[in-house]
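Same chain, two forms, each on its own as structure tokens: structure 1, then structure 2.
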Structure 1
Amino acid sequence: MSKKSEFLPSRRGLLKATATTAAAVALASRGGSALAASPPAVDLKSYAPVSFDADEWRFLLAACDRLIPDDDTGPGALAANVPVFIDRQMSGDFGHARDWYMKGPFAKDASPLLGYQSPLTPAEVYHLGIKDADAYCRDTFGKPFAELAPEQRDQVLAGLDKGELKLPNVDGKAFFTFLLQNTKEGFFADPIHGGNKHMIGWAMLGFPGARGAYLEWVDQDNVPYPLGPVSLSGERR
């Protein structure tokens, strides 16, 4: 087991570390996750989304919570502020497909091998996808997605993922693909983008973030790197 467990005190307080190297022991003695110079991160509960309305926001939180749940492995997407990340992405270049070639004509039924061919921007896909998926949940379960039990939410997400759950106004699989990709991005991108709060995602893996200098580690075979991550704004853990 590598040192990375050191960074993973989950909400259930499971510390599974079995430090095997001197470096890892030294690290353990630094004591949990001492957060030096943490810039104040946004509080998800009081955050006011700019790209989503209240119903959409509830959907998004409930979906992120299932894609990367809080569990024995450690804190999940909500603890990492992933929805904040997605909200910000939707109001930026990505959400508006500003870097993409968005001139028509747009082919229907294009081969997936030719890549994205929809006239919808990612933000539009989210809006339509959430609306349609919520309508489906109301029809099928009598409640919106956010009020479903975790297992039911998983079932809906799996249906979108596999392309079995067809939505009337948007390609459900394309919606899921954005949702999953952006959720992972929000878990692993530098905290300056709004997610990966206190570098929770990096800690789960043992990725040191923006250290960017490893010359003396090149020839240390099979020795886990001992230092925790730092972020672009200088936060450490």
Structure 2
Amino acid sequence: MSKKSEFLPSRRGLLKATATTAAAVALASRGGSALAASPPAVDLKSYAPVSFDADEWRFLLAACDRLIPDDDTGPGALAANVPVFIDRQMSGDFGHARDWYMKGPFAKDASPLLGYQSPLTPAEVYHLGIKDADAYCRDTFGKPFAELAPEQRDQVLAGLDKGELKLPNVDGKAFFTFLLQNTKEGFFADPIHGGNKHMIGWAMLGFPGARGAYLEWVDQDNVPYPLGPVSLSGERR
């Protein structure tokens, strides 16, 4: 059975499209100063999520696996601990929208320039989106999302992406947008944030990470960078 996800652009295309912003995502930090060494990367199989219950966690694992699957390009979202990144984000400032303006009125058809248009925090969008999507899967296929065949999972994700799958308690398109955005961020952010285990995403792009100096390579087009990436905590690959 093919592991390729058909409803989205190819994995290679996704990685290329994200490469232009990888550096900004990778090097961003709260304090802007040197960070203490992070603990070793966790084992995804034994990781205990703090933001999701068991059913939500199974959904998240299955969804991330379809958004960036293992294929001939390289390891996928699960190998990179992307669900760990998302779990930590949902328990932090982003998940609770602590620095967002969250007062109404909210307009569904407002321009993106007017900002986020929902009273729900990202964490609430995830909880409601997963609950509703799993209910849809049980009604339609007789199984929760995590137990569906890959092609069926792609069908559900495609419906959310296109706005065709209407969920009763949350906007399905908004839920999918967060899910895809955070999956890509978890694949390319510095490992100190929980994802990009052993800098898998950076190694695939040839991105040097937080090396102190690589200015001499900036103007050398089509020349492979010879050194592996370095994380903010000093991990090298």
Partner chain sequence: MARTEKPVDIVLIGLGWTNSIIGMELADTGLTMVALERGENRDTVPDFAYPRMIDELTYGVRYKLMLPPAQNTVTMRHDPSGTALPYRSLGSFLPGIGVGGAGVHWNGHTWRPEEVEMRLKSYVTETFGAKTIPEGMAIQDYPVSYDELEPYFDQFEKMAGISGKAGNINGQIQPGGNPFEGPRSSEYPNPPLKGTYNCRLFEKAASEMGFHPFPLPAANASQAYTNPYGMTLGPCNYCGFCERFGCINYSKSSPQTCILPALKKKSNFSIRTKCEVIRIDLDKDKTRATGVTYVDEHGEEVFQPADLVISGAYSYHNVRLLMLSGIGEIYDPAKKTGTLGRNYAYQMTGGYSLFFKDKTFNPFVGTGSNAVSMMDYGVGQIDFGKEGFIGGSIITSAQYNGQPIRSLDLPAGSPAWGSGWKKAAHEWYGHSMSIASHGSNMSYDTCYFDLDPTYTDAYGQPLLRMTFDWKPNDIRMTQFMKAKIEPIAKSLSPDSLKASFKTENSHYDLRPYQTTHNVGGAIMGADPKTSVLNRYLQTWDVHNVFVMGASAFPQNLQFNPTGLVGALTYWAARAIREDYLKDPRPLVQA
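Being a predicted model, the structure only gives us computed values, none of them experimental. The term rigid core refers to the maximal set of C-alpha atoms that superpose within 1.5 Å between the two forms. Start at 1 and count along the sequence of structure 1; that gives the residue numbers used here.
The chain appears twice here, and it is structure 1 that represents the form predicted in complex with the partner chain. For D221, the displacement of the CA atom between structure 1 and structure 2, after superposition on the rigid core, amounts to 4.3 Å.
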